[in-house]
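Here we start with a single chain on its own, the form predicted on its own, put down as structure tokens.
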């Protein structure tokens, strides 16, 4: 085992900023690059397109990279782990076949069905089976859930209260509302409950569970308005006690890892379980094949274990030897977004207070870049995550909100009720 590693982290959002924060705490990190990165002063960004595996390979060779940590899902679905399979570099993330758990909603739902993993009733619909899809909608109680089968940048899920509107939207999706991603649509029974996110690190045999989190998807206070990529998160989650987590382990995590192994799928990486608590019982809403955003912004600060050591366990199949230690404090993150998000918004807004952490907080850059003068400016809908610790999630959220006030840019928006529902 090499004592110190050169690491390339792929991605540019708040998730990658939080992962970088944790990797840089490890005495085993020799040097870290983040590609394409953002305006964060905490790490070294390098301009590499995530779709150009040849360019990434050249950077890996030129800089003697030992480990590639893949942040977002698209490179995994596109096969970056397969591309580097015969090289010496370790890739943290599953191969393309395994990444279908996120890349195809149809594959994920049918996998759950095959392995008796609790999830909502569903039906897969194409243009050829549209009428059957309409009949299935009629068999459900409102609201109605329609999901694009493929990746749609977090926007491919519709929750519709009216049956006739749901049928109309089903037509629109199949006709290309989300491009190729919705040429196949999964209709799901709506599940009523409180959601949470569970991150599992696995080498395909053994696994470890990271701190549990809950994110907030809606743009408006009280979970109103359209869905976003996430407006904030908290950890721990009060209802995810030992009894609930034992159900998660026995009914969901272990059948998932066992099912992948039985189907001959080599899964080494993180499995993100989007769960919902239905009357005390966990059910799977979705799988992701990487860490979630903005949950990572509260999970990484609460992870006391060495992240480099942990992910080496994934790559080297030594997860059985690893331990996960959690900070007993709670953490909350508040996302600062651009006015107009998740719709149309302006970029290039000058930022103040983004270069240093507010008192008691950690700033994780997301949609930021540096202008010609080297100053930070906005470059996305979700701009910055402000994370704070506290004795409980409510006090952590209050500290994060106070810290958010010190960051200024034109059109800044944020929710003030993160964690208030728990």
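Positions refer to the first chain, counted from 1. Just so you know, these numbers come straight off a predicted model, no measurement behind them.
From this point on, the text means the form predicted in complex with a small molecule, which you will not see here.
Visitor: Note which of 120, 160, 140, 96 lies within 4.5 Å of the small molecule in the model of the complex, where distance is taken over heavy atoms; exactly one does.
Guide: Partner contact (heavy atom, 4.5 Å) among the options: 120.
Visitor: Considering the small molecule in the model of the complex, which of 89, 191, 349, 257 comes within 4.5 Å of it through any heavy atom?
Guide: None of the other options qualify; the answer is 191.
Visitor: May I ask you to check whether residue 315 falls inside a 4.5 Å heavy atom distance of the small molecule in the model of the complex?
Guide: Judged by the heavy-atom cut-off of 4.5 Å, residue 315 is well away from the small molecule in the model of the complex.
Visitor: So in the model of the complex, does any heavy atom of residue 217 sit within 4.5 Å of the small molecule?
Guide: Yes.
Visitor: With a 4.5 Å heavy atom cut-off, would you call residue 125 a contact of the small molecule in the model of the complex?
Guide: No, no contact at 4.5 Å.
Visitor: Closest heavy atom of residue 145 to the small molecule in the model of the complex, within 4.5 Å or not?
Guide: Yes.
Visitor: Which one of these stretches, 261-269, 315-323, 75-83, 183-191, sits within 4.5 Å of the small molecule in the model of the complex when only heavy atoms are counted?
Guide: Single hit among the candidates: 183-191.
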